[in-house]
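Only one chain is given next, in structure tokens, and it is the form predicted alone.
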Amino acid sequence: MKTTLFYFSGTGNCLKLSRDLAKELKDASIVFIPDAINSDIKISSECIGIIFPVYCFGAPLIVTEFINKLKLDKEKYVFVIATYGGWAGSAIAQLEKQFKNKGIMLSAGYGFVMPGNYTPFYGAIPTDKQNKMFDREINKIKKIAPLIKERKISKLEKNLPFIDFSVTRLFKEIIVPRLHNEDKGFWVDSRCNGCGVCVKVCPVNNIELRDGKPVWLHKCEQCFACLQWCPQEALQCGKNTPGRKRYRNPEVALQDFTE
């Protein structure tokens, strides 16, 4: 296999993007990072892609942990793709530095605007706006796929250096130390029937049922899979999520996160 795409996703955007890119690349496989992180990661592919959503202006903690465990030859072609709803923050610059510290040059880095899922701040955007984003995603995939096939070294899509430095410092010093414990804001209302979907979709096994209700274990990635996939919309976070429209990428299914 010439290309391996490692992705992290809670509600489907990065899974859909990975599938779209694999289709264009032809000779590519996709691997869910939570499935790979605790296994013996052997990379035989010539080309490696890391596809992830931006959380709190940076890459998810599980993605940076995964990269730390990766053992790659320096001649590998490595690229990253960040999806985000509003702003990419310093995610691409953050991973560029992380790979550099491992002696590996990041060959390309792309940003894709996709519908956001941070329900404490907003509900799902209208379907017509989502569809426009999906169309732009497909078009951009078709543009970057030939560059990846040809192993082109491309300019990283990132911010001005002083912006990346400031945001990275904010992310590392303020956000990272408290991120896993941010699950203290989750709760369930009276509609919760103990179905356990939240347990099944959590990519880091951060939820368990006690007396038929979910309990969070403080190793949260803030992917919001539990909230977005709850069939009863009984799972909430903070004061503002009740009544807000949920978001899941329409091209993925619950089975994609539970099998």
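Fair warning: this is a prediction, and the values are worked out from it, not measured in the lab. In case it trips you up, residue 1 is the first one in the sequence shown, and so on.
Below, we turn to the form predicted in complex with a small molecule, even though it does not appear here.
Here the marked residues Thr4, Gly49 and Ser107 all miss the small molecule in the model of the complex; none has a heavy atom within 4.5 angstroms.
In the model of the complex, the small molecule sits within 4.5 Å of a heavy atom belonging to Cys14.
Taking the partner from elsewhere, Cys223 is found to have a heavy atom lying within 4.5 Å of the small molecule in the model of the complex. The closest heavy atom approach of Cys230 to the small molecule in the model of the complex falls outside 4.5 Å.
Heavy atoms of Val204 never reach within 4.5 Å of the small molecule in the model of the complex, leaving it off the interface. Residues placing heavy atoms within 4.5 Å of the small molecule in the model of the complex fall in a single listed stretch, namely 54 to 62, out of 192 to 200, 23 to 31, 54 to 62, 206 to 214.
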